[in-house]
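Structure 1 and structure 2 below are the same protein chain in two forms, each given by itself as structure tokens.
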Structure 1
């Protein structure tokens, strides 16, 4: 009897086909505990599902894993829906998980959702309720366990960044049933302390049950009623508690909260340095601008040759001086005196000239008068004949027997016309 060998691949492929054909394996519901939990970089989850006696490999791909309502970890008791199939390269069968719920906390999640919706409806999460943190807190209150990692982280970070603030720890229990009342009391106590001006409320990482006090209604109201701004810092970055939604600011971790509540001293020293350098720079610029203005003014001609500034003025002054000189009273008087003297001289010389001229003219006139003096003419033998008082100049004025008065140089004679003869 001859048998034909088959390959490993053929065997695995055959089994895979058998598995895939099985209705039961195509849709199973499994109750188990998670162990060897790993999340790879693409978001796929690889883990084992086990009970007291047995275990099976499981994979949940990133797609369905995104809708998980909790963060699976080793030891979680879960309910799994999925299928069973052969992984051909390894010849291993595994559970392909479609849905997984946390059996241990299933009721808690329901409670979480219910409370979240209620408080949201009451307006506890509204953004306008969020108060700003003080920029430079004098004292930071920390509501947490005094023995946990959280308080150490907060002290270390504040001590490094801002040792100028005081830290006041308000100790509280942060897990277990008594924790919620303890947290509420600690928040109230911090609020009663006038020294504190910002509050960190939180704890380090843990299971959902460990973090549960921060999902309690009483804690949510205590945070709402706090007069001090509250920074919540519960667990890890992926943990969101009700306290985170109510708080004025949510920090991913207690360390993160410490960084949010205080400034960084080194950063401020750097900022001061920048400001001081800006001061120097701006003043230097202002001074050099002023210096430039000064030197441009100083190099103008009036400063290089200041006498030129006086030039115009001195010309004017000289001019004025001259004009003033002209109206000086003593000068005026002297001028007038001189003018007067001058006039006198001119007048007297003129007068003399007139006199001289007059004397000359008189001499000549006298001579000429002598020539026309009728008496002197008469002495030369001429007579003046008047008829009825009027001088006779023509024989036409005479008729025979006219009586005439004939005047000579030394007397006169009454005469009678004997005859008149014309043109002789």
Structure 2
């Protein structure tokens, strides 16, 4: 009997009908750990539910997600209610979650947080440890899987942006239990290669389990000990690993790392073009100014009649010669002697005049002093009377029987007051 082939769409539709008819699959209760969590801009939640051995894709649409009482994240242990169905376009079955309850944090997430806190306390994340990337690397090392899409993206982007850079791939496993040791060896090999200037360490996206080798302690220490600047490029933009925190620079994706480690030749060529135009402008302006100055100098009075300049110099030389003649030593000495003789004559005349004036002034002052000399006055019959050593100026100072000292021009006498008469 000849069989009639069916389409893939028909197969997926048939399987979806089988899933929908199964009552157990229509209402399931799962206890699992959240992994590879993504929140769409529409509000839908996409993630995986896993245990120690298996995982299954899950989706929670925006309506049920709006009623959640917590914000799900990778590593959360949850209890979910929902159904299992086939998504026909991809032939993939997944869990459609109606309700989700948080029941704790998963083991991997706890291990991630523990190691992160430990390495942060050791100073592996300090900003001052971060090294700058070389501006124009001659060779870029890439530690990643040689068969993944990530390495192809890195090669294509670096080749387009900066074809002068050599790309050296250090193959490594990026997933599984053996991956951490493979990554450590590849980083060490790249550091031993004197050709390499900068190193990209990473892989494409995946679940937290897929990316776990980049959360290993050994990989963190290998990045710390690298002599080469390291750019971490693990997963997608929303994925963060321990390697991202330890590396000198984190790139959101491997493609982003390729753009960070090399310059864009087109942008540099544009900059050079702008600088060349500026240089042309400056040179043209400088040459134009020099030409104008040369033309001005060439047409100046001096260059048009240079003999006039010589005439002026000759006149100035003659004036200087005359001034030099005036300051010859013998001429100066004769002038100084003549001036000295005149000064002596003037000084002698001045001195004699001063002496005469001084004699005349002395005579006048002596006559005036003689007129006010008390002794000269007393020769004319005047006396100075003292009582108890003080000069008496009024009869009011005297009483009968006072003893007085009377000073005359040629001596003194002791007297006694017989009577005091006022106004006589």
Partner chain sequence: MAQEQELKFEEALKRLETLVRELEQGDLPLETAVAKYNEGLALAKRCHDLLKQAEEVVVKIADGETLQDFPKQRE
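Given the structure is predicted, the values throughout are model-derived calculations rather than measurements. Residue numbers count along the first chain shown, from 1. Take the two forms, find the largest set of C-alpha atoms that superpose within 1.5 Å, and that set is the rigid core.
**Q** Which of these two, 1 or 2, is the form predicted in complex with its partner chain?
**A** Number 1 is right.
**Q** Quick one: core overlaid, is residue 98 moving 2 Å or more at the Cα between structure 1 and structure 2?
**A** Superposed on the core, residue 98 moves its C-alpha 2 Å or more between structure 1 and structure 2.
**Q** Taking the rigid core as reference, does the Cα of residue 278 move 2 Å or more between structure 1 and structure 2?
**A** Shift of 2 Å or more: no.
**Q** Has the Cα of residue 88 moved 2 Å or more between structure 1 and structure 2, judged after a core fit?
**A** Yes, residue 88 moves 2 Å or more.
**Q** Could the core-superposed CA displacement of residue 42 between structure 1 and structure 2 be given in angstrom, to one decimal?
**A** Shift of residue 42 at C-alpha, rigid core superposed: 5.7 Å.
**Q** Check the Cα of residue 13 between structure 1 and structure 2 on a core superposition and give its shift in Å.
**A** A shift of 34.6 Å at the C-alpha.
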